[in-house]
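Just the one chain here, laid out as structure tokens, in the form predicted on its own.
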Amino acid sequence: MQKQLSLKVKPQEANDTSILIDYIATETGKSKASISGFYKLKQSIDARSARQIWINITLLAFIDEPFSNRPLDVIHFKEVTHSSKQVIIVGAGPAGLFAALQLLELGIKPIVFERGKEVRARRRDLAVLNKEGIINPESNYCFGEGGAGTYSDGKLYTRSNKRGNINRILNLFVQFGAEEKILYEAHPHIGTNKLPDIITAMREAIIGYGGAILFEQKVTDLLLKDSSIIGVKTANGVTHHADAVILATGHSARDIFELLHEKQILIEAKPFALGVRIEHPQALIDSIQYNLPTSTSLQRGEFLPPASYSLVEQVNGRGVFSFCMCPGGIIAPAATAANELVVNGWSPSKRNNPYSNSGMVVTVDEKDAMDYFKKQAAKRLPLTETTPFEAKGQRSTDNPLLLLQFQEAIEQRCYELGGGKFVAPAQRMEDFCVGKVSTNFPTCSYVPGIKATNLGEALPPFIQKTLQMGFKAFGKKMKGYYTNEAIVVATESRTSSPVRIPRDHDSLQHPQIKNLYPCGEGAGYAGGIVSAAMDGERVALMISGTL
């Protein structure tokens, strides 16, 4: 007999097989000897009670019959070396890789072009960026094999359950080497230290079944004929042809957006969110979320994971919210050019660093960007004049690159304030909220270093004021969150793409260009690893005619 049970156990009991079998025996009225085994279906933490933290577990027990391991939906791929149909995929992030795997399953040959390097070589470029402040614009935290997610945590939680089969995506990760716990944890996470091996296994499968992945091959042009795309051209001048092209370039491929605009291929400005990354001591977040005394940081113990949080507030009709929360994590430089400053966060699989960081961002739309540029122009010119950009119509509400230009302007200003080499402007939290330049800082995880400054010199006033009010509101929701022990680091600006590449709802093709399939986070149709992977699969299915 197999029986599904829901248990509420203490943290120290949650991973003790003998204790869980005791619970199963009690719940079913069976002897322990009759229970051959079990596996978990769901697991989550309930920290609402100040007295006791609980772990909620749903499991499947095997009683009076042999135990069977969790069934995995193993995906079988087809040999495609001589496939009559080929699809070019631009970008080897989650959308591109999962599109390629889906095409292999369907018997179609994927040819993936990635501007960056494979994961191991990419790691060396990240070390140079962190330690020496020198960036490779084609190989960094955003560009390279696996995309932005490879070296920025590997969070697999998503609310996008209508976009595709989440369990299928998680099963594929397990098939390529992820731990099975991602199948039952409420907020699954792989970790930056483990993702490279998984991404490498995916690459080897794609190549092994006859597909291709070409690294350091930047796509610089799209080949069009009679309103259809027939291939791409790379930076080395070589042209490549295929039956369809999937654009899965990620949220930071500004050159692709500019290329589309130059070729008069329809793109649209898309609202996004911009703000800062905030870092607390992990022990402080643990004490707040787990109701622990702040003076006893070790009380969380080995049985509970580092605590996380999710915060959202409406401030004068504008949303401010936490983004990409990294317990036990590190802040990293995520820029893609030498004169811009972007910060992001990541955690190793054990989440065992002494810091907790999260993006804290504010929604931004076209009106915000226009107002910002007008105010910047007014500081430099008489009110009757316009900036050259405005005169040419480059920064107006009919410009699809408007929000991209706004994002870029803030990043460049932050780089200037930091003084170069990706040193980040920063303030303590309470100092930020009263406009005071901090005189010193607690230890910070950001390796390139931080510089005390007034972030109001970098952030537009509406973002600064919204964050100030948001931090105070969050301090009321999480007692102890609003503190000068926290560091505010600018700027967190790559939350999502500031451009959308439109596509037809039914065919998923670009409305102007036949066989061109915008895909994933960079095109505006996903927000994270799993949702991007599902979108990649969906596009591949559409190309095959099986969706």
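Numbers for residues come from their place in the sequence shown, where the first is 1. Note that the structure is a prediction, hence the values are computed from the model and not measured.
Heads up, the form predicted in complex with a small molecule isn't pictured, but that's what we're talking about next.
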**Item:** residue 355, heavy atom within 4.5 angstroms of the small molecule in the predicted complex
**Value:** no
**Message:** Test of understanding: in the predicted complex, would residue 344 fall inside 4.5 Å of the small molecule by heavy atoms?
**Reply:** yes
**Message:** How about residue 288 - does it come within 4.5 Å of the small molecule in the predicted complex, if we only consider non-hydrogen atoms?
**Reply:** no
**Message:** Since only the chain is shown here, I'm wondering whether residue 248 would be in contact with the small molecule in the predicted complex (any heavy atom pair within 4.5 Å).
**Reply:** yes
**Request:** Please determine, with the chain shown alone, which of 95 to 103, 369 to 377, 73 to 81, 415 to 423 has non-hydrogen atoms within 4.5 Å of the small molecule in the predicted complex.
**Result:** 95 to 103
**Asked** in the predicted complex, do 108, 173 and 198 all reach within 4.5 Å of the small molecule through at least one heavy atom apiece?
**Response** no
**Fill in**
The one residue among 151, 432, 471, 406 placing a heavy atom within 4.5 Å of the small molecule in the predicted complex is 151
**Prompt:** Which one of 459, 90, 202, 274 is close to the small molecule in the predicted complex, taking close to mean a heavy atom within 4.5 Å?
**Reply:** 90
